[in-house]
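Shown below, as structure tokens, is a lone chain in the form predicted alone; questions about how it binds or moves come after it.
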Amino acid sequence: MSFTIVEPAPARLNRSELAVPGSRAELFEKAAAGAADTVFLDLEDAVAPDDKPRARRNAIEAINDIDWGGKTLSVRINGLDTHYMYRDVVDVIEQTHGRLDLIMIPKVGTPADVYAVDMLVTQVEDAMGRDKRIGFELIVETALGMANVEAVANASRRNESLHFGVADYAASTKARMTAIGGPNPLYGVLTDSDGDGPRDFHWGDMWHFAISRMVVAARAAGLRPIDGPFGDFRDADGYRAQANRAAALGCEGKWAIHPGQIALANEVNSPSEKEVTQAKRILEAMEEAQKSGQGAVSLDGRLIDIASIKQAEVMVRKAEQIVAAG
């Protein structure tokens, strides 16, 4: 273990994160009553320019008046390159009563972007005498942001999570893609020619590198890596496949842009009963080994060591979080 100790972000359940347009106030109560771990009220991309002041007012009323239960509640502000951003931050903090947990910052490109919002949030919180400090969710969705992802992840003590914004990232990198998330039939390899036989074409995952890089940056900074949206909300199998891929790479949650995606995200990002049982067996086996002075032990024909313990502890803690959330 390195002498450098990474302080983890607050432990929040973040399997599913539901996006709710701030201009659609009729959806707020349903979101609060739903099964998403986190809800963000969107003042940015999902809101037309003429509707942004109204969406901000809607979000403020919703934060104050709706019972959000044990959910993590976030607001996605507008970008730093717009004149809406500062008013989003000032009004939302000044006119709400402490229920807001997180601010989501879109299109983060450099550490200075995070610093600017941190300065503004800190000034408003101090002026209001707030003890509760709002955390930050950062969306990595540009080539600039990905190039600076490690520095961005460490730009503020408020940072809690990094999110992969696949649609804007595709636009920023000029990728030949118009869908939001999912595979691309152009991204694949053709097997070598073998006589006159047909050659097989194998699809690849064009987002693998970006998500993997974001995960490493997030984990190195003690943050939660979260996969972003999947646009075709009718394609449950496609959503599940993308969520499983992200989870396999280390993400612990995924966006839901439609209520129908929430259960899928929760399912994929929850350890199964079999996995939790096995994790508990590992911890029990290591406890017995330590009592007898052994540094490692085998279980079901497989070696168990300190790394196995860490993996098992993570899984058991996640299961406990899920139970506690009801």
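Residue positions are given as counts along the sequence shown, with the first one as 1. Remember, it's a predicted structure, so these values are computed and weren't measured experimentally.
Quick note: we don't show the form predicted together with a small molecule, though the next part is all about it.
The candidate spot formed by 30, 46 and 229 lies fully in contact with the small molecule in the model of the complex, as each residue has a heavy atom within 4.5 Å of it. Look at 231-239, 152-160, 114-122, 208-216: in the model of the complex, residues with non-hydrogen atoms within 4.5 angstroms of the small molecule sit in 231-239. Of the residues given (312, 13, 19, 304), 19 alone sits with a heavy atom within 4.5 Å of the small molecule in the model of the complex. Contact check for residue 254: every heavy atom lies farther than 4.5 Å from the small molecule in the model of the complex. Proximity of residue 259 to the small molecule in the model of the complex falls within the 4.5 Å heavy atom cutoff. Residue 37 falls outside the set of residues with a heavy atom inside 4.5 Å of the small molecule in the model of the complex.
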